[in-house]
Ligand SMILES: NC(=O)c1ccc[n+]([C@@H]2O[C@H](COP(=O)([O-])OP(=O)(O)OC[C@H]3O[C@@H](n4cnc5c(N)ncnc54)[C@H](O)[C@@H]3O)[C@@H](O)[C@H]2O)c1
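This document starts with one chain, in the form predicted alone, laid out as structure tokens.
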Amino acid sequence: MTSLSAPITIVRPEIIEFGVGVAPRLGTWAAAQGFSRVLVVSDGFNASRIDILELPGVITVFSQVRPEPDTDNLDLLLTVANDVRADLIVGFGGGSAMDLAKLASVLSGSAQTLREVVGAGRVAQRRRVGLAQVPTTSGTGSEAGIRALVTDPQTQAKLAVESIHMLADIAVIDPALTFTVPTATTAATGVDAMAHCVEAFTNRKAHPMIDLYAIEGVRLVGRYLARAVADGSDAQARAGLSLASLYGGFCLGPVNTAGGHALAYPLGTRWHIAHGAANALIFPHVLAFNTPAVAAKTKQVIEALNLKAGLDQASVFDASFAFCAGLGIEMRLSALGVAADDLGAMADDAFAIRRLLDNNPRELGRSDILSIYQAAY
């Protein structure tokens, strides 16, 4: 683990508006900035309620965001963005919408292609447009970060772009926008937010400055996720999850995720399982696997979730598995349509995601990954 004296860089959106009912503040801010051509990047459902943002000027809506978006989806958006020449791009939805908005903000009107910016710090110039992010789920924390991911349909691998130029000018986090999120999605995305925090907290690059956000994010999920699943209109619970998701986003920039997300990605790219559901299914397996390497921090995670477990892998697995299953999350790969004969290829894909696996506190070999997939099947 990183020592307190180790250098770290923290970035945040310049303005963060948080609280039930703050969505219209985006329009107030946009008008004050003089924006007059707005491109909203959204899915079909959220596109139907953009009026709540009270945006000024001429508004174009790209409503074709797909779950786990691929490069084709991005190309469609870039065609629209280059055509309308917006001066403000708004990501309005879950992580998929916000990630595409980030990429459109730096690639529209640019000579660079997606392939040229994949990796860290490869966006050559500051973006020419404003960027606002409005999450409508509580999971990814993408509104706070500088990374965006899309899938390459040819290789079925995630392409990750990291750039300070994709940091939003403003993030507007209104928990009321999450009231309509279905129960199953609430549960899965809530565990995804928790996984961001846990994987950062137990990371080889974990830092005390980030640990503060990480463990509090876990506590918020432990306190409020079951409440929000039971009653989607519980404003306090929804706000708690929105804050947990934001804190998870704070963790992603300087520390990032680790083995859990590496193993979850092939479920989305190969089998189109929603990102939150994939992370929730994998979470207890990797938490238990890592326990011998980070016993003290695992104990803090278990306590933050109000669970009972020892420091042995079996009890950590049982407690965290019961937590996820108790939320109604499907915890078997077979029940999600994954073919047993694809587990080896999934293990190959996951083992190749070194940018995350190298963060894991315990070495995860290909055989370990395959064993986890088999146990999860």
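Fair warning: this is a prediction, and the values are worked out from it, not measured in the lab. Numbering starts at 1 and follows the sequence shown.
Form predicted together with the named molecule: not shown, discussed below.
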4.5 angstroms heavy atom contact with the named molecule in the predicted complex for residue 37: no
At the 4.5 Å heavy atom threshold, is residue 285 in contact with the named molecule in the predicted complex? no
Taking the named molecule as it sits in the predicted complex, is residue 205 in contact with it (heavy atom to heavy atom, 4.5 Å or less)? no
Using heavy atoms and a 4.5 Å limit, would one call residue 318 a contact residue for the named molecule in the predicted complex? no
Among 328, 67, 310, 344, just one has a heavy atom within 4.5 Å of the named molecule in the predicted complex, namely 67
The listed residue (155, 180, 79, 236) that reaches within 4.5 Å of the named molecule in the predicted complex by any heavy atom is 180
Counting only non-hydrogen atoms, the one stretch of 318-326, 346-354, 42-50, 28-36 within 4.5 angstroms of the named molecule in the predicted complex is 42-50
Is any part of 126-156 within 4.5 angstroms of the named molecule in the predicted complex by a non-hydrogen atom, and which residues would that be? 136, 137, 140, 142, 147, 148, 149
